[in-house]
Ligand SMILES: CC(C)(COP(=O)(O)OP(=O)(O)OC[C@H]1O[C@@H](n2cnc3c(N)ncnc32)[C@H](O)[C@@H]1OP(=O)(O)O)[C@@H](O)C(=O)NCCC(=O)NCCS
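Okay, so here's just one chain, in structure tokens, the form predicted alone.
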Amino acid sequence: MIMIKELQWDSAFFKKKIGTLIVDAIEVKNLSSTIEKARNAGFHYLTFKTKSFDMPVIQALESAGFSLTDIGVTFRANSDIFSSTASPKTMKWRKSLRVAGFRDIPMLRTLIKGLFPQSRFYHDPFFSKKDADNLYQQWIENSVKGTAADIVFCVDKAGFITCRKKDKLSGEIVLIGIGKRTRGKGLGTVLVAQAMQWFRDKGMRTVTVRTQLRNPDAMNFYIKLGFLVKEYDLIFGNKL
């Protein structure tokens, strides 16, 4: 069965009807007819996410006009991987670290612009660079307001991390951004350590974080901190 679910927030934000494929079993003829129905229903863009290198599925998607827009890698670690991050290198960051509030939104919207050039929104031709910039700026604002994350920690004009509860025992680092001038100075480690402390305090035992396969610096960063690869995913897109 193949279904299309409209992504309400995405459609409203981009002002174009956007949907995602929900697929149980896929056949080329069924997929083609579904795409045509979507086009007739006014959809401008469809996306599909899978955690499997199922070649018949991939070939069917490509035959229907889909192209690969992102390969994601999800890492997982126990929330107690850090015992302490106290060091001369990190001390100044720890002193400046705080929970972000509404007054920090303008600063964070400025800081986040262009920080995630490896994400699919900057590589999918359906989205312009301006679209991607606007998306991330709204994302961080919604995170501070509590609709896209449960808490945001930040250091003024330097970096931030957003945390979200998944269930009683697990959490997720949704976004972590470091300003270009402050990279390689220990801030990322301090932010992750603070997030892990928050997850522990909330009773969550495991934490996940997703990045792109095309971003080896981020992957090496998480591995260095003690995260291990949990899974991968493939995202396809189709401009109708």
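Predicted model only: the values in this text are computed from it and were never measured. Counting begins at 1, following the sequence as shown.
One more form of this protein, predicted together with this ligand, exists but is not displayed; see below.
A.B. asks: Residues in which of 113-121, 163-171, 145-153, 95-103 have heavy atoms within 4.5 Å of this ligand in the predicted bound form?
C.D. replies: So the stretch in question is 113-121.
A.B. asks: Only one of Leu61, Ala195, Leu187, Leu46 has a non-hydrogen atom within 4.5 angstroms of this ligand in the predicted bound form; which is it?
C.D. replies: Residue within 4.5 Å of the partner: Leu187.
A.B. asks: Let me know the one among Met204, Leu31, Ala38, Ile178 whose heavy atoms come within 4.5 Å of this ligand in the predicted bound form, would you?
C.D. replies: Selected residue: Ile178.
A.B. asks: For a quick test of understanding: in the predicted bound form, does each of Glu6, Trp9 and Lys15 have a heavy atom within 4.5 Å of this ligand?
C.D. replies: So, no: the whole triplet misses this ligand.
A.B. asks: Taking heavy atoms and a 4.5 Å cut-off, does Arg200 contact this ligand in the predicted bound form?
C.D. replies: No - in the predicted bound form, heavy atoms of Arg200 and this ligand never come within 4.5 Å of each other.
A.B. asks: Would you please decide whether Leu21 lies within 4.5 angstroms of this ligand in the predicted bound form, comparing each non-hydrogen atom pair?
C.D. replies: Flag for Leu21 set to no.
A.B. asks: Taking heavy atoms only, is Thr211 within 4.5 angstroms of this ligand in the predicted bound form?
C.D. replies: Judged by the heavy-atom cut-off of 4.5 Å, Thr211 is in contact with this ligand in the predicted bound form.
A.B. asks: How about Phe227 - does it come within 4.5 Å of this ligand in the predicted bound form, if we only consider non-hydrogen atoms?
C.D. replies: No, no contact at 4.5 Å.
A.B. asks: For a quick check, can you give me the residues of 208-231 that have a heavy atom within 4.5 Å of this ligand in the predicted bound form?
C.D. replies: Arg210, Thr211, Asn215, Asp217, Ala218, Asn220, Phe221, Tyr222, Lys224 sit within 4.5 Å of the partner.
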